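One chain is shown next in structure tokens, namely the form predicted on its own.
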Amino acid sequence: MTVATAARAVGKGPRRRGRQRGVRRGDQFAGWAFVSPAVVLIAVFGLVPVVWSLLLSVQQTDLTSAGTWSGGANYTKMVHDPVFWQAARQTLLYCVLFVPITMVLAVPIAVLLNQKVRGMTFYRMAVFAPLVTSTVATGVIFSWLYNPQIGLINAGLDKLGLPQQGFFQSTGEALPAVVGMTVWGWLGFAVIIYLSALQNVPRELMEAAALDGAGRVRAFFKVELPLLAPASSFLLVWLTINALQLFDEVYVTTKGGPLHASTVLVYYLYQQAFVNFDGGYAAAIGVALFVVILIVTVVQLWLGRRTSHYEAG
């Protein structure tokens, strides 16, 4: 290499690195330009309400006038509020019933909908239809079905010679009745998730299981069911978050009654904020619920990553 060639090579190095840095800056700018609308929306409708709730939770305010600083008084009130703890227990009970029931029912239905039979599109639409039905319509339908006097379910029980039930009007049955209604509403979503997972199971694995002499049931439990773990992990997180935020169905049907028997945390928060106009206390309940949802989500995601095995590539 001559002296001149070496000098040109040395000169090109810094210029090339400069061009590469310029390209990287351009890519970064383009990336931020694409995601900036989503970032703005998340900041405005996600982070700002959280910060605003934290500020409200240390104030006494009726949401219509300037609040006054109260320190931790709202949190102290929450700790000594028996209705809050009743709502917390009922929210936990609702999650324990709603999430497992929905997931367990969804698996066999997804397996049935994964068969190749005539009219399967109609069956799939029928299962998914409750999810696109509005909460108000769902509440009206189940208010009629659960009606102790003219309800269809009690009419069926009467034909079978079984005792009549109070459902939404019974302190012992109101929350289970809400669970039944919401399972009906969310079952289609869980079925679609499991159906998508089943359709992604490699055919070679099922053929290998058949060659090894495994029947259809054994192949399902040994091959398909383990591969549904990622879908189950996703549903566990998604359904739990939705269960902890239950509000619409309770508002439309029971209004938290009778005697707070179906009051859940979000509905109790609504009552404090917009019925009793105690905005600071409602914000404290919201902050507590936010912390619970954050902890539950992190734990579930951590467990899901330890128990789920994803296929690479």
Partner chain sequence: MRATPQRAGRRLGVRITAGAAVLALGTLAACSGGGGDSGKSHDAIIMWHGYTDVENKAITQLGQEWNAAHPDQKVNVTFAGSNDDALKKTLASFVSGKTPGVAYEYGSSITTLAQRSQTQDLTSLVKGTPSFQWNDFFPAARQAATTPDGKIYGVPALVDNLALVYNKKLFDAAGLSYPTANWTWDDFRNAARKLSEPSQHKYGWAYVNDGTEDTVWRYIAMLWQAGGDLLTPDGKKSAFDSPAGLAAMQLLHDMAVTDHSVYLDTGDGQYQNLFNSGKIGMLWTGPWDLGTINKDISYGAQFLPGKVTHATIAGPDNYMLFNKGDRTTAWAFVQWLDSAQTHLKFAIATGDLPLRQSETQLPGYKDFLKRYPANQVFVDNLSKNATKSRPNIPAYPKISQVLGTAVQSVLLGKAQPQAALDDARQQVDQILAGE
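Remember, predicted model here, so these are calculated numbers, not experimental data. Positions refer to the first chain, counted from 1.
From this point on, the text means the form predicted in complex with its partner chain, which you will not see here.
- In the model of the complex, no heavy atom of Val58 sits within 4.5 Å of its partner chain.
- In the model of the complex, at least one heavy atom of Gln149 sits within 4.5 Å of its partner chain.
- In the model of the complex, its partner chain sits beyond 4.5 Å of every heavy atom of Val44.
- Its partner chain is not drawn, but in the model of the complex it has no heavy atom within 4.5 Å of Asp248.
- Heavy atoms within 4.5 Å of its partner chain in the model of the complex map, among the stretches 207 to 215, 138 to 146, 106 to 114, 229 to 237, onto 138 to 146 alone.
- Every residue of the trio Thr64, Pro258 and Asn276 has some heavy atom no more than 4.5 Å from its partner chain in the model of the complex.
- This chain is displayed alone, yet in the model of the complex one of Gln86, Thr171, Asn242, Thr133 has a heavy atom within 4.5 Å of its partner chain; that residue is Thr171.
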